[in-house]
Each structure stands twice: as structure tokens, then as C-alpha cells.
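As a starting point, one isolated chain is supplied in C-alpha cells, in the form predicted on its own.
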């Protein structure tokens, strides 16, 4: 027994095998004796590939444990065989939405918003933007920008007119295809939305622009003054009115002024005074017809139930309205109620048959003014009888 070689248990003839390291511990070297220590030293110096095949390399137990924790491959995914090309296996799609799907979504959205001819409309829109950036657009002597009004401002008003108020327009044949004419309308609604809707309806159905005459307050208000000029408005004075009518423009006037749009809801559709007939004298001097217009529906968008006169004087405004929704609901109260609108253009009142000095006859001017006012009032009553309900 003294000459027998001592081999540590569990090492399969290699010192330190059970420790998990290639280098044996000091205790194993003491038990192995001198001959084994020399063999161990030679094996440590040998490369890894010199280890006999029947001996498992160090760390194999740990590797086997790691492989056992890996889930088996999906049976539905074909594996490459011995003769298959490894590059033939398809890689998974990258995360996110493909660019082609984005493009198809954009095209579908453009077709939905702009219609089937979306490409040409988009091209015209981009061309308009380019002209804006380069300054290649025209305005007339009053500051009217026809392209901006039609393409942008009226595009914003279109869904409000067609979907929200569902405006029904009548008597369009009474609007002359060319030449000057004076359009006279009732005024209501707390905020002058009726003027905007009348302007939009005239352009939408006839192609002509209605050039409104605005009050002084419109041109003293920041931002509003610039927009009003861009939309073709000018100051409500006799000189500008006559000049535009002589130039063949379709001019709009709302003689009730702030007394019309600021009257309480209890007095809805009751016309206020038309002033001293300045618009009639302008039409007489230029010989253009006067077209009465009656608008039903504007009275209900902001029912005026109160006013704050002290605050109005402080702010320099004709009134500060109180409605059932404003200021109770804050900005949400500024959303107009979706009332049903009817706009009717009446038969023109001709002024070219009067003599040269007719515009200087105050009694004749007042008579024609009362005639226009009475026509609008009676038409309002008739339209109210035809409308099934306020929101119908």
C-alpha cells in the first residue's frame, strides 16, 4: 500500500477536478504525491485542446446548466439543415410602422379631406404658400386679399355654414352677375357672425365677393382690423361706399349696427332703426339697386339675456353680453348654438329711375329706407313661419 498512487475521490484521475478549476488545490496536491504533481504541472502548461476526449472540459457543468434553462425552439420555425444556407432564414421585421403604411395612411387622409382631386388641390395650396412667402400676391386699394379670403378664411367658415348652421339660401337670382349693387341686411346674434355667413354664402353660390362696410370699432380692434381689411371690409362712410359701388363692387351694409346685434333675446327679429338712410343716398348717387336680405337663425346662436354697462364703458365696448352659457362656462360659452339658418335675398329696389338730385331729398331717402326696412321685416316673419324649429 505504501507504493500505491493516491487519487482524490471524484476527480477521475485529475487532481482538483471536483473543485471546478483547472489548477488543483494545495490539499489535492499534498494527497496526490510528487508524481501526480508533476503530471498536473504538465497538463496546466498544455493547451485546452490537448485535454482527452473522455474528460469533460472545465466549466462544462455550468454550460450544461445554462443550456438546460434555454426554452426549446418553436416547432413552427423551420431550422436550417446540414446542407441549407444559413442566410436563407428570414430575420424578424423591425419594430415600428413600415414607411409604406405611413404613406398609404397619408394618401387616404388627403383623399378624405381634399376629395378625389387631392393632388391638384394640394399642389394649388403649396403654390399659394410659396406666393405668400415670396410676396407674389395682390391686394386692392382697400387691402382686400381675394386669394387669402377664398382659400383660407372661407375654408374655415365652410364647415360652420354647411354642417353647424346648415344654411339654406334663397333668392340668389336677385344678385346681379356683374356691376355694382348694395346688399342691405338685418343684424343680430351678439357677435356679427351673420355678416360672415352672408359674405360666405354670396361667394360660395355666385362667385362674387361681398364687400362689407364696417363700424369704427372693427378697425380699432387689434387683429380684427387686419382680418377685416383682408376680407374686403372698409369703413362705413359715404365716400368709400360710393367709390366701391361706382367701381362695380357688391357692397354689404347692416344699418342696425350694434343696436341690432346687441338687442336682448326678448326682442329677437324686431328690426331696430336704420339710421338716416345714408346707404340709400349712396345707392341713389351711383344708380345701383338695393337688395334687401333677411337672415333667420342668427338670433339664437348667442341668446343675449343680460348686459354689464359699467364694464362695457370701462372697456370701450358697446355692450358686454351675458348669455345662458357665457361667462358661466368660460371659453366653452363662446361656442355658438347650432341653430337652423335661412337667408333670403329679396327683389332689388331700383334707384336708377330717380332724378339727379334725388339723393339730396331727405324725404325721398327716408321713404326708400322705410321700404327696404319693411321688406326685410315682413320676410323675417315669413321665414320664421316656415322654419319648423330653432334647431330643426
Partner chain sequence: MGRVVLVTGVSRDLGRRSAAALAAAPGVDRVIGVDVSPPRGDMGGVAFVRADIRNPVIAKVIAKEDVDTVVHLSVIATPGTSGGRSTMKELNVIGTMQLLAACQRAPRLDRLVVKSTTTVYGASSRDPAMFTEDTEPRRLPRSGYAKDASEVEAYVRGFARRRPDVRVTMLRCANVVGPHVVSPITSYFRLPVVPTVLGFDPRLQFLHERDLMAVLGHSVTDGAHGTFNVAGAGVVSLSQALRRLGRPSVPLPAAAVGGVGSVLRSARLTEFSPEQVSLLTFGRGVDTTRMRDVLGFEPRYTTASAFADFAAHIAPGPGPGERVVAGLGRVLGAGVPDDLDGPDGPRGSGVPSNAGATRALGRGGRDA
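Fair warning: this is a prediction, and the values are worked out from it, not measured in the lab. Numbering follows the first chain given and starts at 1.
One more form of this protein, predicted in complex with its partner chain, exists but is not displayed; see below.
Enquirer: Answer with yes or no whether residue 259 is in contact with its partner chain in the model of the complex, where contact means some heavy atom within 4.5 Å.
Expert: Flag for residue 259 set to no.
Enquirer: Just checking whether residue 143 would be counted as a contact of its partner chain in the model of the complex - the rule being heavy atoms within 4.5 angstroms.
Expert: Close contact exists here: in the model of the complex, residue 143 approaches its partner chain to within 4.5 Å, heavy atoms only.
Enquirer: Examine residue 226 and determine whether its closest non-hydrogen atom to its partner chain in the model of the complex is within 4.5 angstroms.
Expert: Residue 226 belongs to the contact set for its partner chain.
Enquirer: Can you work out whether residue 276 and its partner chain are in contact in the model of the complex, taking contact to mean some heavy atom pair no more than 4.5 Å apart?
Expert: Because no heavy atom of residue 276 falls inside 4.5 Å of its partner chain in the model of the complex, the answer is no.
Enquirer: Under a 4.5 angstroms heavy atom criterion, identify the one residue in 205, 111, 130, 158 near its partner chain in the model of the complex.
Expert: After the contact test, the surviving option is 130.
Enquirer: Counting non-hydrogen atoms within 4.5 angstroms of its partner chain in the model of the complex, say which of 268, 230, 166, 170 makes the cut.
Expert: If I apply the 4.5 Å criterion carefully, the residue I get is 230.
Enquirer: Would you confirm whether the three residues 139, 219 and 240 all fall within 4.5 Å of its partner chain in the model of the complex, going by non-hydrogen atoms?
Expert: Judged in the model of the complex, 139, 219 and 240 all sit within 4.5 Å of its partner chain.
Enquirer: If contact means any heavy atom within 4.5 Å, which of 194-202, 317-325, 298-306, 117-125 contacts its partner chain in the model of the complex?
Expert: Flagged stretch: 117-125.
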